[in-house]
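Single chain ahead, written as structure tokens, the form predicted alone.
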């Protein structure tokens, strides 16, 4: 089992949330899965980031059962599991209550793509996922949160790798990526884009969305088959 390396990556990714100012108190968590091993490493519930160690990271199997670790996993585990099970290619999930992204969630607004900074990371609007109904909250809240996310992407025909984030109505953002650290980087990008969008709307409530030809250019030059951004 490759759990030691997985734990080390996940504790580092969780601590990066603090460094980037994406979390306060214990409001967030990061996980990473090893699909070959069939395991997931995730932050323990309610443990402060300053107290996290690799040994405190909980190892879960694909059925959500703890296979290694003395602490309870994050209460958001079931949401992470739904994302891993349904979005091929996702290796890490981040959940935060970062200020600007959560403001969009609480306002019930998707995040429009207003400019090229957004287009460099997300191929268009970051969607708003519906709120859960009373029965969904009462019976399996975290699992149904994940199901609502998956449902939205499937119904809207969205590629979760091209738009690796969503805003859960009345809740907060969920973000994912190829690894735990990749999901954290996407969470940083989402928060910055939300902050810029709020400032854009304060200056111009009728701000225009980025034209599609510019959106395609900026996204594909970094993520498309002929990508040429960077040194790779």
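Positions refer to the first chain, counted from 1. Everything numeric in this text was worked out from a predicted model, so none of it was measured.
There is another form of this protein, the form predicted together with another copy of the chain, and it is not shown here; the text below is about that form.
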- Message: Check for me: heavy atom within 4.5 Å of another copy of the chain in the predicted bound form, for each of 133, 170 and 209, yes or no.
- Response: yes
- Query: Counting only non-hydrogen atoms and a 4.5 angstroms cut-off, does residue 230 reach another copy of the chain in the predicted bound form?
  - Reply: yes
- Can residue 127 be called a contact residue for another copy of the chain in the predicted bound form at 4.5 Å between heavy atoms? no
- Would residue 199 count as touching another copy of the chain in the predicted bound form under a 4.5 Å heavy atom rule? yes
- Looking at the partner-bound form in the predicted bound form, is residue 52 within 4.5 Å of another copy of the chain by any heavy atom? no
- Query: in the predicted bound form, which residues of 113-139 put a heavy atom within 4.5 Å of another copy of the chain?
  - Reply: 114, 115, 116, 117, 120, 121, 131, 132, 133, 134, 137
